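Single chain ahead, by itself, as structure tokens, in the form predicted on its own.
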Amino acid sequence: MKSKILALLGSTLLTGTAMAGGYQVNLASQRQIGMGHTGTGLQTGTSSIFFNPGAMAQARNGVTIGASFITSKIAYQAPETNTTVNADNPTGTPFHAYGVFGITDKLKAGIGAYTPFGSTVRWGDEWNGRFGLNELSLQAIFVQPTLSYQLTDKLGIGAGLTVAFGSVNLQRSLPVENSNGDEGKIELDGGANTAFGFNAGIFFQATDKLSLGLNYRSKVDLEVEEGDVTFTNVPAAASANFQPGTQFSAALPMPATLTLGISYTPTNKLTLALDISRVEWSAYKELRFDFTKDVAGRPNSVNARNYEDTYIFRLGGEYKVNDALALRAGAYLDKTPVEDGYLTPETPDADSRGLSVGIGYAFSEKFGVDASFLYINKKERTDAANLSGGVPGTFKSIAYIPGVAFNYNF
């Protein structure tokens, strides 16, 4: 019993159906989603705050507000019985908001808010992996004040401070029953401390047709302290292992990302873009829970994660039909950082293939709308080694993600 309890407590805390490598949510701009989420080597307008602050100095003053709507489907098949369970996930709504304001002809200030991590997954109380997870809900918000300076007509630099905060609620079953035959439950609930990082970039307009960009988003460590641990349906005989008033602390790295972007405009109407990102997932080596009171006779729980650094390859294009209408399309490959043996029901991750389309329409010089649709298909993946307290079996995930944004220039 003790080993089962420690295994279930060692599952990932701040993750979910994030539909990108590991536990990322890459949905930072509706225009750029339509172009395969490229943007580091482009002048993307207000969303340069996220994609490349070095290009923000060339953006028009304006405000953008947008959101995506994630409908995800995750299926699990048990290794012996071939029983299939589908997660009952609500619609996720990651958002983004950006504002850019000119200080001088060459210096601009901006502020952005976006949700790079956050989702909810619900497996229920009946599946055979319930000792790993019943339900998880995560919200993480990054706020980024930014400055950008245009050194020359072709070269711009920029940087911003990222301020991150959020909350988490995780629920799973315990391998004990009360006198009524009700299975025990554990719930972990807490708010993450405010954390800090930075986002810096450089943008170079090499020729009228070719532009390059380099962007670095630093690692941010989200930490939960004095989170509440609640036990229900625990029999009196096991109460010493599950004491009321227990609290926990844990930490999870939001990995650093380095991206090289290239954009080429062969004609006045067509723009092509390529982004290559290296995500430093190796920062996530283990998940450690420290408890204020012993749980199952132990003051802490440590489970290996051993994530690997990975690459994301993105390709996209935009075709301007006329001054008002733009059509977009893109694709990407996001390699998983999760090694064999470390698959968990919170992040049943595999290599992701994404296909996107988008449309932009400018009603006037000041007001416009962008809409996108992203389809994500993760490879079916079977994991039987169970080195991390996960659930052996086969997982398959897909997602449908429409989104819309409104732009106002001034």
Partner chain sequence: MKKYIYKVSALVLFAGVLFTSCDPEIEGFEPSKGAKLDFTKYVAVGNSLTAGYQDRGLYREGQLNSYPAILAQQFAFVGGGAFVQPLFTEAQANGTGYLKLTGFNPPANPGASPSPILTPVTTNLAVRTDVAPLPGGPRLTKFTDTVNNLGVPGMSVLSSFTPVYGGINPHFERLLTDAEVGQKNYITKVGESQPTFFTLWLGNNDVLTYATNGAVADPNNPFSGLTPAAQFQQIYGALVATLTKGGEVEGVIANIPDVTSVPFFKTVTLAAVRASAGNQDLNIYFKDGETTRIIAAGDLIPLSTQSALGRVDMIQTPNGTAPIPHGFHPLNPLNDNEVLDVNEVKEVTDHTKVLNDIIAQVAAANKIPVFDVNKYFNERFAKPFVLNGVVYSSSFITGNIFSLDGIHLTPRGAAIVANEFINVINKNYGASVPKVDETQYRAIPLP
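Keep in mind that this is a model prediction, so the values were computed, not measured. Numbering follows the first chain given and starts at 1.
Below, we turn to the form predicted in complex with its partner chain, even though it does not appear here.
Participant: I'd like to check something about T194: if you look in the model of the complex, is any of its heavy atoms closer than or equal to 4.5 Å to a heavy atom of its partner chain?
Facilitator: Outside the cut-off, so no.
Participant: Contact with its partner chain in the model of the complex for N128, defined as at least one heavy atom pair within 4.5 Å: yes or no?
Facilitator: Yes, N128 is a contact residue.
Participant: May I ask you to state whether E177 is within 4.5 Å of its partner chain in the model of the complex, using heavy atom distances?
Facilitator: Heavy-atom contact with its partner chain at 4.5 Å: present for E177.
Participant: D351 versus its partner chain, in the model of the complex: is there a non-hydrogen atom within 4.5 Å?
Facilitator: Answer no; every heavy atom of D351 is more than 4.5 Å from its partner chain in the model of the complex.
Participant: Quick one: of L136, L287, I74, I312, which gets a non-hydrogen atom within 4.5 angstroms of its partner chain in the model of the complex?
Facilitator: Of the listed residues, the single hit is I74.
Participant: Using heavy atoms only and a 4.5 Å cut-off, determine which of T91, T267, T230, N82 is in contact with its partner chain in the model of the complex.
Facilitator: Here the answer is residue option N82.
Participant: Of the listed stretches (153-161, 234-242, 95-103, 332-340), which one has a non-hydrogen atom within 4.5 Å of its partner chain in the model of the complex?
Facilitator: After filtering at 4.5 Å, what remains is 234-242.
Participant: At a 4.5 angstroms cut-off on non-hydrogen atoms, which residues of 337-359 are near its partner chain in the model of the complex? List them in order.
Facilitator: The stretch touches the partner through I359 alone.
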